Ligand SMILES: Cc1ncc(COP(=O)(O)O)c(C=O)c1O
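So this first bit is one chain, no partners, the form predicted on its own, shown in C-alpha coordinates.
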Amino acid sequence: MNWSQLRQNYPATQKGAYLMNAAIGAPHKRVFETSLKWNKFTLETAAIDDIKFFECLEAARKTCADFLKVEQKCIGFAPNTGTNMNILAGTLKTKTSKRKVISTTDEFPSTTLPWLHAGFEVDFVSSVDGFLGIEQFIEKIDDDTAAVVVSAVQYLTGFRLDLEALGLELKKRNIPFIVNATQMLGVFEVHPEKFHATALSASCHKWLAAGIGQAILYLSPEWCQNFSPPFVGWSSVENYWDLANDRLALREEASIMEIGTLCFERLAALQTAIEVVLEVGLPEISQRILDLSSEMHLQLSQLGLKIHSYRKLEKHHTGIISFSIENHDAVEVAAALKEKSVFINNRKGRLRASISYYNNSEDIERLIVGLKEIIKG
(Lines give C-alpha, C1' and ligand atoms only; values in the text may rest on other atoms or scores of the structure.)
Protein backbone atom coordinates (compact mmCIF):
# COMPACT_ATOMS: atom_id res chain seq x y z
CA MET A 1 0.00 0.00 0.00
CA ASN A 2 1.28 3.46 -0.94
CA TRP A 3 0.34 5.25 2.30
CA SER A 4 1.71 8.60 1.11
CA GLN A 5 -0.47 8.52 -1.98
CA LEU A 6 -3.50 7.45 0.04
CA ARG A 7 -2.96 10.33 2.46
CA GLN A 8 -3.67 12.82 -0.32
CA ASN A 9 -7.33 11.78 -0.18
CA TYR A 10 -7.70 13.14 3.37
CA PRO A 11 -7.63 16.97 3.25
CA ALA A 12 -7.63 17.32 7.05
CA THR A 13 -4.14 15.81 7.13
CA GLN A 14 -2.85 18.74 5.05
CA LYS A 15 -3.56 21.17 7.91
CA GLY A 16 -0.73 19.79 10.02
CA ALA A 17 -0.29 16.80 12.32
CA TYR A 18 -3.89 15.69 12.74
CA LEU A 19 -3.96 13.41 15.79
CA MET A 20 -7.61 13.80 16.85
CA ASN A 21 -8.98 10.67 15.18
CA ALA A 22 -10.63 9.42 18.38
CA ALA A 23 -12.73 12.60 18.27
CA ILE A 24 -13.59 12.85 14.57
CA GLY A 25 -11.89 10.83 11.87
CA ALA A 26 -10.68 12.64 8.77
CA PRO A 27 -13.10 11.71 5.94
CA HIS A 28 -11.86 10.43 2.61
CA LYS A 29 -12.67 12.74 -0.32
CA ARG A 30 -15.05 10.11 -1.70
CA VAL A 31 -17.13 10.23 1.48
CA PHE A 32 -17.56 13.97 1.00
CA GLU A 33 -18.35 13.51 -2.69
CA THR A 34 -21.02 10.94 -1.84
CA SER A 35 -22.64 13.33 0.63
CA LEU A 36 -22.50 16.10 -1.95
CA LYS A 37 -24.10 13.89 -4.59
CA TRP A 38 -27.05 12.99 -2.38
CA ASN A 39 -27.57 16.56 -1.25
CA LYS A 40 -27.57 17.61 -4.90
CA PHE A 41 -30.06 14.84 -5.70
CA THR A 42 -32.41 16.15 -3.01
CA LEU A 43 -31.95 19.73 -4.20
CA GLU A 44 -32.85 18.86 -7.78
CA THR A 45 -35.55 16.20 -7.32
CA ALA A 46 -37.03 16.58 -3.81
CA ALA A 47 -39.61 13.74 -3.66
CA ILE A 48 -39.92 13.10 -7.39
CA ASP A 49 -37.85 9.92 -7.19
CA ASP A 50 -37.93 9.31 -3.44
CA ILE A 51 -37.87 5.53 -3.86
CA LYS A 52 -34.11 5.93 -4.28
CA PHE A 53 -33.84 7.16 -0.68
CA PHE A 54 -35.31 3.92 0.62
CA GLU A 55 -33.18 1.87 -1.74
CA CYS A 56 -30.20 3.71 -0.24
CA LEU A 57 -31.38 2.75 3.25
CA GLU A 58 -31.54 -0.95 2.47
CA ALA A 59 -28.27 -0.86 0.54
CA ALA A 60 -26.59 0.69 3.60
CA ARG A 61 -28.15 -1.96 5.81
CA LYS A 62 -26.72 -4.73 3.62
CA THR A 63 -23.29 -3.09 3.51
CA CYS A 64 -23.20 -2.78 7.31
CA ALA A 65 -24.49 -6.32 7.83
CA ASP A 66 -21.81 -7.72 5.53
CA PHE A 67 -19.15 -5.61 7.26
CA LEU A 68 -20.19 -6.90 10.69
CA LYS A 69 -20.86 -10.43 9.36
CA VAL A 70 -24.46 -10.54 10.63
CA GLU A 71 -27.95 -10.86 9.15
CA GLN A 72 -29.50 -7.72 7.68
CA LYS A 73 -32.47 -7.95 10.05
CA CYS A 74 -30.04 -7.42 12.94
CA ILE A 75 -28.98 -3.94 11.73
CA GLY A 76 -30.72 -0.66 12.51
CA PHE A 77 -29.72 3.00 12.29
CA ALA A 78 -29.88 6.01 14.59
CA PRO A 79 -28.17 9.42 14.74
CA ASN A 80 -25.69 8.45 17.46
CA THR A 81 -24.80 5.92 20.15
CA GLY A 82 -26.47 8.02 22.85
CA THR A 83 -29.80 7.42 21.10
CA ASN A 84 -29.11 3.70 20.84
CA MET A 85 -28.12 3.38 24.50
CA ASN A 86 -31.30 5.14 25.58
CA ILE A 87 -33.35 2.73 23.47
CA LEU A 88 -31.52 -0.27 24.91
CA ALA A 89 -31.80 0.95 28.50
CA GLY A 90 -35.49 1.71 28.11
CA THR A 91 -36.09 -1.71 26.60
CA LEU A 92 -34.16 -3.71 29.19
CA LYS A 93 -35.92 -1.80 31.97
CA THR A 94 -39.19 -3.42 30.91
CA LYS A 95 -37.69 -6.89 30.37
CA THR A 96 -36.19 -7.42 33.81
CA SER A 97 -36.57 -6.35 37.42
CA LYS A 98 -32.79 -6.41 37.88
CA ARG A 99 -31.30 -2.97 38.24
CA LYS A 100 -27.51 -3.27 38.23
CA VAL A 101 -25.38 -2.52 35.18
CA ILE A 102 -21.63 -3.08 35.17
CA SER A 103 -19.44 -0.62 33.27
CA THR A 104 -16.05 1.11 33.71
CA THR A 105 -14.80 4.31 35.31
CA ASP A 106 -13.07 5.24 32.04
CA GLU A 107 -16.28 5.05 30.00
CA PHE A 108 -17.57 7.79 27.71
CA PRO A 109 -20.79 9.31 29.14
CA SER A 110 -22.94 8.13 26.20
CA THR A 111 -22.34 4.58 27.39
CA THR A 112 -23.43 5.06 31.01
CA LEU A 113 -25.71 8.09 31.39
CA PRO A 114 -28.72 6.57 29.57
CA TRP A 115 -28.66 3.65 32.03
CA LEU A 116 -28.55 5.95 35.04
CA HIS A 117 -31.41 7.96 33.56
CA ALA A 118 -33.44 4.76 33.09
CA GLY A 119 -33.11 3.99 36.81
CA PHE A 120 -30.26 1.46 36.73
CA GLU A 121 -27.41 1.50 39.23
CA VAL A 122 -24.07 1.54 37.42
CA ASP A 123 -21.34 -0.42 39.19
CA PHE A 124 -18.03 0.86 37.85
CA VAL A 125 -14.95 -1.29 37.24
CA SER A 126 -11.75 0.73 37.77
CA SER A 127 -8.79 0.24 35.49
CA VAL A 128 -5.37 -0.40 37.00
CA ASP A 129 -2.69 1.52 35.09
CA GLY A 130 -5.12 1.55 32.16
CA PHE A 131 -5.71 -2.22 32.27
CA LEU A 132 -9.13 -3.88 32.56
CA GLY A 133 -9.20 -7.62 33.25
CA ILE A 134 -12.12 -9.94 32.53
CA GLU A 135 -12.14 -11.12 36.15
CA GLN A 136 -12.81 -7.55 37.29
CA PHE A 137 -16.19 -7.67 35.58
CA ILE A 138 -16.98 -11.22 36.67
CA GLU A 139 -16.31 -10.35 40.33
CA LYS A 140 -19.03 -7.71 40.26
CA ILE A 141 -21.76 -9.98 38.91
CA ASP A 142 -24.54 -10.79 41.36
CA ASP A 143 -28.22 -11.75 41.29
CA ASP A 144 -29.23 -8.16 40.52
CA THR A 145 -26.98 -7.77 37.45
CA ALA A 146 -29.07 -6.78 34.44
CA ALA A 147 -26.25 -6.31 31.91
CA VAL A 148 -22.62 -5.48 31.28
CA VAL A 149 -22.39 -2.31 29.20
CA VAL A 150 -18.92 -1.36 28.05
CA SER A 151 -16.92 0.18 25.22
CA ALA A 152 -14.78 -2.10 23.09
CA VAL A 153 -12.05 0.54 23.28
CA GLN A 154 -11.89 2.99 26.16
CA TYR A 155 -11.92 6.52 24.78
CA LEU A 156 -9.81 7.91 27.64
CA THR A 157 -6.93 5.41 27.57
CA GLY A 158 -7.29 3.49 24.31
CA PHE A 159 -7.43 0.15 26.12
CA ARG A 160 -8.92 -2.58 23.90
CA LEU A 161 -10.98 -5.13 25.80
CA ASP A 162 -10.92 -8.85 25.07
CA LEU A 163 -14.56 -8.80 23.99
CA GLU A 164 -14.66 -12.41 22.89
CA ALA A 165 -13.49 -13.70 26.27
CA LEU A 166 -15.73 -11.35 28.27
CA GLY A 167 -18.74 -12.07 26.06
CA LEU A 168 -18.26 -15.82 26.45
CA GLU A 169 -18.21 -15.56 30.25
CA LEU A 170 -21.37 -13.46 30.21
CA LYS A 171 -23.08 -15.87 27.82
CA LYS A 172 -22.40 -18.72 30.27
CA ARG A 173 -24.14 -16.68 32.96
CA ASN A 174 -27.01 -15.55 30.68
CA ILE A 175 -26.19 -11.88 31.23
CA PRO A 176 -26.83 -9.42 28.37
CA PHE A 177 -23.65 -7.98 26.89
CA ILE A 178 -24.06 -4.50 25.38
CA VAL A 179 -21.07 -3.06 23.53
CA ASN A 180 -20.19 0.45 22.41
CA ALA A 181 -17.89 -0.21 19.44
CA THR A 182 -17.49 3.42 18.38
CA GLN A 183 -13.72 3.54 19.00
CA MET A 184 -13.19 0.15 17.31
CA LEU A 185 -15.25 0.43 14.12
CA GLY A 186 -12.97 1.00 11.13
CA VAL A 187 -9.80 -0.03 13.00
CA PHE A 188 -10.31 -3.64 14.04
CA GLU A 189 -12.82 -6.32 13.14
CA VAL A 190 -16.20 -5.69 14.77
CA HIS A 191 -17.95 -9.06 14.89
CA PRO A 192 -20.93 -8.95 17.29
CA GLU A 193 -21.61 -12.67 17.09
CA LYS A 194 -17.98 -13.55 17.85
CA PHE A 195 -18.19 -11.17 20.82
CA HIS A 196 -21.42 -12.88 21.97
CA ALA A 197 -22.97 -9.40 22.05
CA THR A 198 -26.65 -9.04 22.85
CA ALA A 199 -26.56 -5.57 21.32
CA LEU A 200 -23.88 -3.33 19.86
CA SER A 201 -23.82 0.33 18.91
CA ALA A 202 -21.18 2.24 16.98
CA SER A 203 -21.15 5.88 15.97
CA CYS A 204 -19.53 6.21 12.57
CA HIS A 205 -17.74 9.58 12.70
CA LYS A 206 -14.56 8.48 14.43
CA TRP A 207 -12.18 5.85 12.99
CA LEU A 208 -14.59 4.88 10.22
CA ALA A 209 -14.66 8.60 9.26
CA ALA A 210 -18.14 8.53 7.75
CA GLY A 211 -19.11 12.00 8.98
CA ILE A 212 -21.19 13.10 11.96
CA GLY A 213 -24.79 12.01 12.46
CA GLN A 214 -24.93 8.26 11.89
CA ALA A 215 -24.70 5.25 14.18
CA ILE A 216 -25.21 1.53 13.65
CA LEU A 217 -27.23 -0.61 16.06
CA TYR A 218 -26.88 -4.37 16.10
CA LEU A 219 -29.43 -6.55 17.90
CA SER A 220 -28.84 -10.27 18.28
CA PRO A 221 -31.40 -12.51 16.52
CA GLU A 222 -32.87 -13.41 19.92
CA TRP A 223 -33.46 -9.78 20.81
CA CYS A 224 -34.89 -9.02 17.37
CA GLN A 225 -37.68 -11.50 18.09
CA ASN A 226 -38.55 -10.02 21.46
CA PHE A 227 -37.55 -6.36 21.31
CA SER A 228 -39.99 -3.74 22.60
CA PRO A 229 -38.40 -0.29 22.31
CA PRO A 230 -39.65 2.57 24.49
CA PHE A 231 -40.94 4.41 21.42
CA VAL A 232 -41.92 3.61 17.84
CA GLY A 233 -42.85 5.55 14.72
CA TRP A 234 -44.35 5.24 11.27
CA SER A 235 -41.45 3.19 9.91
CA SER A 236 -41.29 0.76 12.86
CA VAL A 237 -44.00 -1.49 11.41
CA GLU A 238 -43.93 -4.34 8.91
CA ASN A 239 -45.64 -2.54 6.01
CA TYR A 240 -44.96 1.08 6.76
CA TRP A 241 -46.16 2.34 3.37
CA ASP A 242 -49.67 1.20 4.31
CA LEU A 243 -49.56 4.24 6.62
CA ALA A 244 -51.94 2.56 9.06
CA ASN A 245 -52.42 4.75 12.13
CA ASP A 246 -54.83 2.56 14.09
CA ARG A 247 -52.88 -0.66 14.79
CA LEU A 248 -49.43 -1.93 15.73
CA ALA A 249 -47.78 -4.56 13.55
CA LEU A 250 -44.19 -4.05 14.64
CA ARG A 251 -41.19 -5.56 12.92
CA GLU A 252 -39.19 -8.31 14.56
CA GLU A 253 -35.88 -6.85 13.52
CA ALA A 254 -33.51 -4.08 14.54
CA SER A 255 -35.12 -1.58 12.18
CA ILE A 256 -38.07 -1.40 14.60
CA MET A 257 -36.18 1.44 16.33
CA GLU A 258 -35.97 3.52 13.14
CA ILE A 259 -38.92 5.62 14.21
CA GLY A 260 -38.99 8.06 11.30
CA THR A 261 -37.38 9.19 8.07
CA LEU A 262 -33.62 8.87 8.25
CA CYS A 263 -30.83 11.03 6.85
CA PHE A 264 -30.20 9.18 3.60
CA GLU A 265 -27.20 11.33 2.74
CA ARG A 266 -25.45 10.08 5.89
CA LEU A 267 -26.36 6.48 5.10
CA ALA A 268 -24.81 6.82 1.64
CA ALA A 269 -21.68 8.36 3.16
CA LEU A 270 -21.49 5.44 5.60
CA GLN A 271 -21.57 2.99 2.70
CA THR A 272 -18.72 4.81 0.98
CA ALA A 273 -16.65 4.94 4.18
CA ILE A 274 -16.96 1.18 4.57
CA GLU A 275 -16.03 0.69 0.92
CA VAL A 276 -12.87 2.75 1.47
CA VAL A 277 -11.89 0.63 4.48
CA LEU A 278 -12.45 -2.59 2.54
CA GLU A 279 -10.41 -1.32 -0.40
CA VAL A 280 -7.47 -0.38 1.80
CA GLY A 281 -7.92 -3.60 3.79
CA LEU A 282 -8.95 -3.83 7.43
CA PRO A 283 -5.96 -6.04 8.43
CA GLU A 284 -3.62 -3.56 6.74
CA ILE A 285 -5.33 -0.65 8.51
CA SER A 286 -5.09 -2.40 11.88
CA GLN A 287 -1.39 -3.15 11.51
CA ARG A 288 -0.57 0.32 10.18
CA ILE A 289 -2.27 1.95 13.19
CA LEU A 290 -0.58 -0.41 15.65
CA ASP A 291 2.82 0.28 14.09
CA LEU A 292 2.38 4.06 14.16
CA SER A 293 0.96 3.90 17.66
CA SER A 294 3.99 1.96 18.89
CA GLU A 295 6.30 4.49 17.26
CA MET A 296 4.43 7.36 18.90
CA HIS A 297 4.41 5.64 22.29
CA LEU A 298 8.17 5.06 22.13
CA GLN A 299 8.91 8.70 21.36
CA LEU A 300 6.51 10.01 24.02
CA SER A 301 8.11 7.66 26.56
CA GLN A 302 11.59 8.91 25.66
CA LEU A 303 10.46 12.40 26.63
CA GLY A 304 9.82 11.10 30.13
CA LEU A 305 6.07 11.81 30.01
CA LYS A 306 3.51 10.00 32.14
CA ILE A 307 1.75 7.48 29.89
CA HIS A 308 -1.75 6.56 31.05
CA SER A 309 -2.46 4.00 28.32
CA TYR A 310 -1.72 0.31 28.88
CA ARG A 311 1.05 -0.68 26.46
CA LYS A 312 2.33 -4.10 27.58
CA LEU A 313 0.35 -6.55 25.43
CA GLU A 314 -0.33 -5.58 21.79
CA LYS A 315 -3.75 -7.26 21.80
CA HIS A 316 -4.90 -4.39 24.02
CA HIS A 317 -3.26 -1.62 21.95
CA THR A 318 -5.08 0.88 19.73
CA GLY A 319 -4.24 4.16 18.02
CA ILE A 320 -5.03 6.11 21.21
CA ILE A 321 -2.33 7.15 23.65
CA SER A 322 -3.17 9.19 26.74
CA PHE A 323 -0.40 11.06 28.55
CA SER A 324 0.34 14.03 30.76
CA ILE A 325 3.21 16.43 31.39
CA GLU A 326 4.17 17.22 34.97
CA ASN A 327 3.37 20.82 35.97
CA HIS A 328 1.64 21.51 32.66
CA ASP A 329 -2.10 22.00 32.15
CA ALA A 330 -3.53 19.75 29.44
CA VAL A 331 -5.83 22.45 28.06
CA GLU A 332 -2.94 24.88 27.73
CA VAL A 333 -0.64 22.30 26.15
CA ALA A 334 -3.25 21.30 23.55
CA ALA A 335 -3.82 24.98 22.73
CA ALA A 336 -0.08 25.62 22.39
CA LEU A 337 0.31 22.61 20.09
CA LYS A 338 -2.57 23.85 17.95
CA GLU A 339 -0.60 27.04 17.36
CA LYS A 340 2.11 24.79 15.94
CA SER A 341 -0.42 22.96 13.71
CA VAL A 342 -0.30 19.87 15.88
CA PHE A 343 -3.81 18.79 16.77
CA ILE A 344 -4.53 16.58 19.79
CA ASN A 345 -7.29 16.44 22.41
CA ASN A 346 -7.40 17.11 26.12
CA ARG A 347 -9.67 14.76 28.04
CA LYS A 348 -10.24 14.89 31.81
CA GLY A 349 -6.92 16.56 32.55
CA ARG A 350 -4.92 14.38 30.18
CA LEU A 351 -3.60 14.79 26.67
CA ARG A 352 -4.81 12.28 24.08
CA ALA A 353 -3.09 11.69 20.76
CA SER A 354 -4.91 9.33 18.40
CA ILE A 355 -3.19 8.20 15.22
CA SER A 356 -4.83 6.63 12.17
CA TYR A 357 -3.60 4.86 9.07
CA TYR A 358 -3.42 8.02 6.96
CA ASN A 359 -1.01 9.59 9.46
CA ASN A 360 2.75 9.11 9.17
CA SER A 361 6.03 9.37 11.04
CA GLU A 362 6.31 13.07 10.18
CA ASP A 363 3.11 13.71 12.16
CA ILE A 364 4.68 12.01 15.17
CA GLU A 365 7.87 14.03 14.78
CA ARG A 366 5.88 17.28 14.69
CA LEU A 367 4.13 16.25 17.91
CA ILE A 368 7.41 15.43 19.65
CA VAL A 369 9.12 18.64 18.51
CA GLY A 370 6.13 20.67 19.68
CA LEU A 371 6.10 18.96 23.07
CA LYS A 372 9.83 19.49 23.53
CA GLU A 373 9.44 23.22 22.88
CA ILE A 374 6.58 23.42 25.41
CA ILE A 375 8.49 21.49 28.06
CA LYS A 376 11.58 23.67 27.65
CA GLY A 377 9.35 26.75 27.93
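So that there is no doubt, residue numbering starts at 1 and follows the sequence shown. Keep in mind it's a predicted model, so treat the numbers as computed, not measured.
There is another form of the same protein, the form predicted together with the ligand; it is not shown, and what comes next is about it.
Per the 4.5 Å heavy atom criterion, the ligand in the model of the complex is contacted by stretch 73-81, the sole one of 222-230, 73-81, 236-244, 263-271.
Among residues of the shown chain, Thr182 is one whose heavy atoms approach the ligand to within 4.5 Å in the model of the complex. For the chain shown alone, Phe108 is a contact residue for the ligand in the model of the complex, at least one non-hydrogen atom being within 4.5 angstroms. Under a 4.5 angstroms non-hydrogen atom cutoff, the ligand in the model of the complex has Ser151 among its neighbouring residues. Within this chain, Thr104 is remote from the site of the ligand in the model of the complex, having no heavy atom within 4.5 Å.
Contact here is defined as any heavy atom lying within 4.5 Å of the ligand in the model of the complex, and by that definition not a single one of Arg288, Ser354 and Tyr357 is a contact residue.
This chain is displayed alone, yet in the model of the complex one of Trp115, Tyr155, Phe195, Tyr218 has a heavy atom within 4.5 Å of the ligand; that residue is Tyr155.
Of the residues in 333-349, none comes within 4.5 Å of the ligand in the model of the complex through any heavy atom.
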